[in-house]
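In the block that follows, a single chain appears as structure tokens, in the form predicted alone.
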């Protein structure tokens, strides 16, 4: 296996409150992996911890074989990790183009324009709205912009926190399909998602979290066919 992320017995949380109770998880290079589970089970806490945004208590986190538990988020970006949060993921008072400029600080001018063309090909709706303020975008368009800004740092590994939350079914499918395209282009994906069926249908593997622990790790297709999957979300399987 060629692991891009390897997590062993991770414990973390907020302040002195521990949310994760010993997570073991790995992601192989060029995989699309989805984490699902009931609200409050630690899904978002997990990827925030990976990106240096939660209090790390103990355990090991390796990115491409290198320990990253005490590395700042800005340095993680330079290493090839990008993170798209669920909320507050665009600058509403700036235009679409200005948001993209902010995401391109690691690029020179030529690299930025080359990457910009790639993004406009990936999300044509952003091209037609490049001069519009981000606050005028629909929920789906905002998510496209947030993902695009993350792509401008040329990530090898992309963390996404519930990218389809509060979107229409049409935009949910568009976003998941675009994320699949990114995986096909060589970017490894780790996704936290509430729409389990939609995301798992495009994923290689999946994890189910419950009470801050992994309760199931399997191929995505097997999880989709799990007869008692609802029991995990009801907290009956721990």
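Numbering follows the first chain given and starts at 1. The model shown is predicted, which means the values in this text are computed figures rather than measured ones.
Although it is not shown, the form predicted together with a small molecule is what the next lines describe.
- For residue 52, no non-hydrogen atom is located within 4.5 Å of the small molecule in the model of the complex, even though that partner is not displayed.
- By the criterion of a heavy atom within 4.5 Å, residue 223 is excluded from the residues contacting the small molecule in the model of the complex.
- The small molecule in the model of the complex is approached by residue 44, whose closest heavy atom lies within 4.5 angstroms of it.
- By the criterion of a heavy atom within 4.5 Å, residue 169 is excluded from the residues contacting the small molecule in the model of the complex.
- For the candidate spot formed by 14, 39 and 48, every residue has a non-hydrogen atom within 4.5 angstroms of the small molecule in the model of the complex.
- Note that among 180-188, 196-204, 31-39, 58-66, the stretch whose heavy atoms approach the small molecule to within 4.5 Å in the model of the complex is 31-39.
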